[in-house]
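The chain below stands alone and is given in structure tokens; this is the form predicted alone.
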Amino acid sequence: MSTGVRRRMGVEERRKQLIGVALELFSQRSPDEVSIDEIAAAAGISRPLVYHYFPGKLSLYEAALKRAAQDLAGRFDEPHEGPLGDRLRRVMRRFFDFVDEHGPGFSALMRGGPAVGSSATNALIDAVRQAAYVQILSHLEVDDPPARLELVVRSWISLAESTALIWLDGRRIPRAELEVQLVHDFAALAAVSAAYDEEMAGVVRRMIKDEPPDGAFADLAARLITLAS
């Protein structure tokens, strides 16, 4: 956290500093609990100077949220190399890294915080979800997704969000297990949809075509077989 002697900064440098300070504070506690006075003190400047750069806490929160949203969207970027199950597992690891680092802020955003409900905030959240959606489709090598595939991918993104929120409330399930479980959830959602639609069946066949015997999707199949036996 930035503290200490005040020094002159340019406008953009000061704005970036305040956004960084706010992000750190919002990561430790709900934004509702963080005051402008705390942000000013952490930045080593006066309260009026904070208002010189941002009209109020809401605008500062939205600026911090924009930076966090860009970070979160970037967590879904993954090279198109190796089995899909392994790629999704790496994505989930980075996703939970973000949730772990920004727990209270992530929770406040999804459950209701000072900026929730504003069009700017909703647009940022939707942009993250859309970035995740586009990334998953690119890994499935689908440009024009059928309705059932869109349903599967968007449902899975919502499931990842809700799983992360539940995990934050006590962290009663080991994080590593949830990361793998969400990869299995994706495969399960796709498989169920494939049972009703031949186009989805083709997507699933491509998903598992290059999966190794010890891969994430094979692990799910083995668990289900064991359960049924």
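Model, not experiment: these values are computed from the prediction. Heads up: residue numbers just count along the shown sequence, starting at 1.
In what follows, reference is made to the form predicted together with another copy of the chain, a form of this protein that is not presented.
- Candidate site formed by 155, 163 and 201: every one of these residues places a non-hydrogen atom within 4.5 angstroms of another copy of the chain in the model of the complex.
- Of the candidate stretches 41-49, 165-173, 54-62, 23-31, only 165-173 contains residues with a heavy atom within 4.5 Å of another copy of the chain in the model of the complex.
- Looking at residue 68, you'd find every heavy atom of it more than 4.5 angstroms from another copy of the chain in the model of the complex.
- In the model of the complex, at least one heavy atom of residue 181 sits within 4.5 Å of a heavy atom of another copy of the chain.
- Another copy of the chain is not drawn, but in the model of the complex it has no heavy atom within 4.5 Å of residue 37.
- Mapping the unseen interface onto this chain, residue 216 counts among the residues with a heavy atom inside 4.5 Å of another copy of the chain in the model of the complex.
- With the partner omitted here, the residue from 107, 130, 122, 138 that has a non-hydrogen atom within 4.5 angstroms of another copy of the chain in the model of the complex is 122.
- Counting a residue when any of its non-hydrogen atoms is within 4.5 Å of another copy of the chain in the model of the complex, the hits in 173-200 run 173, 174, 177, 178, 181, 184, 185, 188, 189, 191, 192, 193, 194, 195, 196.
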